[in-house]
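This document starts with one chain, in the form predicted alone, laid out as structure tokens.
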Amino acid sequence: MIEGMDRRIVVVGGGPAGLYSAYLVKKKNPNILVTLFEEHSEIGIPICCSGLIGIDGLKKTDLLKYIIINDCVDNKVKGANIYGPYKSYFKVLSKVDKAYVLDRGKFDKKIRDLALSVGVEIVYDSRVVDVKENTVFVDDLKKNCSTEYKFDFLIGADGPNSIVRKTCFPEYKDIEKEFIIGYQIYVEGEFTKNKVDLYFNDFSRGLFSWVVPESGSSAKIGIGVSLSSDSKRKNNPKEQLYEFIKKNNIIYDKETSFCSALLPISKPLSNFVKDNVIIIGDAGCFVKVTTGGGVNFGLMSAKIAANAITNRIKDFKKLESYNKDIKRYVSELNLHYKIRRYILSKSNSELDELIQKLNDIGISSILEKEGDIDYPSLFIRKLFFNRKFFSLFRELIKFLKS
């Protein structure tokens, strides 16, 4: 233990959630040693993410109090084109910016700089392979050796395939069955800057396909493919992405790079604390299963986890307070899960018909005023009291039963 440091907190994973939790814990507790283990040689590399982040949701995390977000913003989006499986379509275009398209590399490095500014120790090329008896076992990928580190508190922020979750929360061993693979290419061409395109079809059954403009001359085109068996398709995300591009006549000049990642599209967990261990971010499945986006909820889980650990250290409160304080946000994630299950219950023709009906009742104007891509409860609550929605009362009942 370093002289003057009375406890050690270990954070596993150098993504936004892990870095933000490390920063907040160290900021609130200067005399605690906070060590973060990152398996790669650099923060922000590699990353596979559309970078589409809801502005209102990001504000709720308080991160914007500490960084200049415009340094990381490639584009700002006001709305979306929504395409059904066949001919249905509607568009949403707000008068104000609703989402940022972030350069995730720059974004992650901004949070890294925050962590370093308060004295967080970041250890690179270090893969945590096991957790036992208040000890993490770490493989040094450069020196090809292993080391053990004792901890007083452990924060698992090590992504969908979290070692911390697998070792400390074995009751969740089956959640990976619902995960999907995202495959995305980066392209140059001509694109409309202020809107994203979302496609619901067989190519990306279980999620959707997307075109997210970084600028008027570049974009990210991607697809989410279920890992579960599907007799209709081979579940090869790369092949299905190019089939999707061809069928929908998406034009671009050239492809510059590609990436692939696992997305934790599973039912939200019910417990995130085991003794002195907390899981956050993708490790805790804090992901909107309607979109695959997890940055904002990951940052929120980091904020609440840091508060829980601080309250435990300073006021001897139970660490389980994290479960209670995060419950409101888990409720939102459960609603996202319910929406996704409802969509999956529809055949292509039923989904196409539903999208057309939503367009007919003027869903666009409702979404433009009330829509929130992170917190659907705010929108759905108001939708129930909208007279235009009464014609879809039967669908509402089906949704509630889904």
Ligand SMILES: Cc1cc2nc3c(=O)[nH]c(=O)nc-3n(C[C@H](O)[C@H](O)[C@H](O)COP(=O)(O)OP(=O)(O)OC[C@H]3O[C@@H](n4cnc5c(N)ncnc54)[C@H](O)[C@@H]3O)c2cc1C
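None of these values were measured; they are calculated from a predicted model. Numbering starts at 1 and follows the sequence shown.
The same protein has a further form, the form predicted in complex with this ligand, not shown here; the description that follows concerns it.
Novice: Is this ligand in the model of the complex close enough to 99, 197 and 219 that every residue in that trio has a heavy atom within 4.5 angstroms of it?
Specialist: No.
Novice: May I ask you to choose, among 303, 104, 205, 112, the residue with a heavy atom within 4.5 Å of this ligand in the model of the complex?
Specialist: Checking each option against this ligand in the model of the complex, the one that comes within 4.5 Å is 104.
Novice: Using heavy atoms only and a 4.5 Å cut-off, determine which of 83, 210, 169, 322 is in contact with this ligand in the model of the complex.
Specialist: Of the listed residues, the single hit is 210.
Novice: Would residue 371 count as a contact of this ligand in the model of the complex, using a 4.5 angstroms cut-off between non-hydrogen atoms?
Specialist: Answer no; every heavy atom of residue 371 is more than 4.5 Å from this ligand in the model of the complex.
Novice: Given that the partner is absent here, does residue 40 sit within 4.5 Å of this ligand in the model of the complex, heavy atoms only?
Specialist: Yes - in the model of the complex, heavy atoms of residue 40 and this ligand come within 4.5 Å of each other.
Novice: Could you tell me if residue 237 has a non-hydrogen atom within 4.5 Å of this ligand in the model of the complex?
Specialist: Heavy-atom contact with this ligand at 4.5 Å: absent for residue 237.
Novice: Taking the shortest heavy atom distance, is residue 127 within 4.5 Å of this ligand in the model of the complex?
Specialist: It does: once this ligand is placed as it appears in the model of the complex, residue 127 has a heavy atom within 4.5 Å of it.
Novice: Among 49-57, 27-35, 66-74, 345-353, which stretch sits within 4.5 Å of this ligand in the model of the complex, heavy atoms only?
Specialist: Comparing against this ligand in the model of the complex, the contact stretch is 49-57.
Novice: Would you mind checking 146-165 for residues with a heavy atom within 4.5 Å of this ligand in the model of the complex?
Specialist: 157, 158, 159, 160, 163 sit within 4.5 Å of the partner.
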